[in-house]
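Here we start with a single chain on its own, the form predicted on its own, put down as structure tokens.
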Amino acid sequence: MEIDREDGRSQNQLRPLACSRNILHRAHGSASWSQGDTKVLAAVYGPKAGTKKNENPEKACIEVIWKPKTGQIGKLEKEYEMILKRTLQSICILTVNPNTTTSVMIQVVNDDGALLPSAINAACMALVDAGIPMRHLAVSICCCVARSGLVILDPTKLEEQKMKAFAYLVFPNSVHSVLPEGSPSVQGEPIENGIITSVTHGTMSVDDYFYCLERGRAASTKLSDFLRRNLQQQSTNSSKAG
């Protein structure tokens, strides 16, 4: 059984991806990320000396500031800030620059669905651009469960509104995209089998959730390949410019 999507994509097909780094001159690192008509800018400032209140001074602190396209920040945006902060803290090496704060600013340019995953992907690339020490990259995807029970990936805003539930999933960047042999493991489990962040909205069954994980993990490989090509291409361009 298939679901008809207005843009003609299949259930598992992602929208066209685009990413650019080093786009803001005053930031220490920056990136733009687009998935279809959804576009987000991320800027990194720091690390700067000192940590925020209630933060551990023996580790580096990650601060996330979310700026909506229009209007003031609301409850949803504050939730996005918290999710993004926890995600970035889990992939950054916080012991390298203790008692410092790195600020990650997210500017929404346009929201046509899968906004939080796009922001996470943009933030990761901006951290790379800033040279912030990281354990590994991460890739994020949105999986939706339709009322018919079918799962679709990377929904538009209109599709999100029609779905009964959806999940924002963040996976470690696939090691197969960068390493020809051997996979790093954590407690005997390959890194690519893990998950960094999982946030669900709406009501879905356990089977639906695990199917979302399966489809999301498959899509994360495509995103990892895109990141690898993007990083290699921009590194080559930088070398030529030098």
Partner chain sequence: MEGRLANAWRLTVNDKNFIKTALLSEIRIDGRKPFEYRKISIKFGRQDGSSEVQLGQTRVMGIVTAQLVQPYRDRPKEGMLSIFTEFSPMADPSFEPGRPGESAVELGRIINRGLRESRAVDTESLCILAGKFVWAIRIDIHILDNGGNLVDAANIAALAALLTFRRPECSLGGEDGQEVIVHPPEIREPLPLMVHHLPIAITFGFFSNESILLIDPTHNEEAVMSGRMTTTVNANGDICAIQKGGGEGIPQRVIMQCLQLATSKAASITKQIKDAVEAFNTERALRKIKRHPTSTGVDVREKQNQ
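Residue numbers count along the first chain shown, from 1. Computed from a prediction, not measured in an experiment: that's the story for all the values here.
A second form of this protein, the form predicted together with the partner chain, is not displayed here; the remarks below concern that form.
In the predicted complex, the partner chain stays beyond 4.5 Å of every heavy atom belonging to residue 128. A residue is said to contact a partner when one of its heavy atoms sits within 4.5 Å of a partner heavy atom; residue 108 meets this definition for the partner chain in the predicted complex.
For residue 215, no non-hydrogen atom is located within 4.5 Å of the partner chain in the predicted complex, even though that partner is not displayed. Using a 4.5 angstroms threshold between heavy atoms, residue 14 stays clear of the partner chain in the predicted complex. For the stretch 50 to 68, the set of residues having any non-hydrogen atom within 4.5 angstroms of the partner chain in the predicted complex comprises 52, 63, 65, 67, 68, in sequence order.
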